[in-house]
Each structure stands twice: as structure tokens, then as C-alpha cells.
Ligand code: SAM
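There is one chain below, alone, in C-alpha cells, taken in the form predicted alone.
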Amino acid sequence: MISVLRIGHRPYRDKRITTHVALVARAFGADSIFIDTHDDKIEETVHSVCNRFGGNFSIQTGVSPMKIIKKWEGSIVHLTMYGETVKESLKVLDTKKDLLLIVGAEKVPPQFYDIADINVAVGNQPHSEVAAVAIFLDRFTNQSWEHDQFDGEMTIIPSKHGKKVISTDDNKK
């Protein structure tokens, strides 16, 4: 089980980025996302993507980060630009344990650096949390996300040119 905990979400400012964090988490192998601020629009968007493209990804908004963390029984990883390199962190993380990835929307309070089992620097320069989630999950899962089957209403077929999308109706013929 891989989950993402998004802290500091500001609906008026972060709606697109938080949506992208959720969609990247889903596509790259996470099972769920928790967002600290209630946001019906993001929930609707993620549910819509899951309905159309498949998968069992879940989203909860308006959650207490500390409650999620206190209940968590696996490893807690804070993605930041201050910490161990991705390469070094992967050497010490137990891939058999559930994983909670913490990503911030704004300046992350110091307590989260202390709570995390490991703080992972996805680069040591300012960067997007979307990129941090993608890079970390890509390496953590050894690119297994590339072979995931989502079995949704729509499937995108890899193609050198153009868009190839088939619907479930096409699959049933």
C-alpha cells in the first residue's frame, strides 16, 4: 500500500497542482491520497479520472495529517529538497512495508521533518512536488507502474503518432 499525504493545500491557489499530485500518484503506483483541506472539486476530478480510466485509487480530503500519521503502520517518507538522496534512501527503505509519502503545498512545518522515518531530497533545488512524487515512485517501484493495467472505460494505446484511445465498448466487440 502506497499513500500520499498532501499537507498545506490551499484550494484557491493549489487546485491544479494538488490535482496533478493525485493523478501522478495514481499513475505511478500509489493506492490513495489524503489531502488536509476539504476540496470537493479535486475529489470529483480524481473520481472522474478513475471512472473513465480505471484503477482502485482513492482520495480523501479534509483529513487531519496527524491522525493519518498516528494510524500509519508502515514507513513515512517526507519528499523535500532537504534530506537523503533518492538513491541512498531506497537502500534503507523496506519495500515490503506500507509507505506514506508526505508532500507539502507550502512551507512544511518542522514537525513533519521529525515525524518522517526519512526525509528524501528529490534534488537539492526548488522543484515541483508533482515531479518529486513522480521521480520517487518511479524509482521506488522500479518502473513497475509502466505495466499496470487499470481496466477503465477508456484505454490509451501507445502509439508513435496521434492519439489512440479505445473505449470499453470497443473492447467488448
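Throughout, we count residues from 1 along the sequence that is shown. This one's a predicted model, so the numbers in the text were calculated from it and none came from an experiment.
From this point on, the text means the form predicted together with S-adenosylmethionine, which you will not see here.
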Report task. With heavy atoms only and a cut-off of 4.5 Å, decide whether G29 touches S-adenosylmethionine in the predicted complex. Result -> no
Query - Proximity of K70 to S-adenosylmethionine in the predicted complex, heavy atoms at 4.5 Å - result: no
Query raised in the report: Can you check whether V120 is within 4.5 Å of S-adenosylmethionine in the predicted complex, heavy atom basis?
Result: yes
Query raised in the report: Counting only non-hydrogen atoms and a 4.5 angstroms cut-off, does A116 reach S-adenosylmethionine in the predicted complex?
Result: no
Query - Sole residue of V63, A105, A134, C50 within 4.5 Å of S-adenosylmethionine in the predicted complex, by heavy atom - result: A105
**Report entry** Position in contact with S-adenosylmethionine when the complex is considered in the predicted complex, options H38, H127, K41, R139, heavy atoms within 4.5 Å
**Finding:** H127
Report task. Using the arrangement in the predicted complex, list in sequence order the residues of 1-34 with any heavy atom within 4.5 angstroms of S-adenosylmethionine. Result -> none
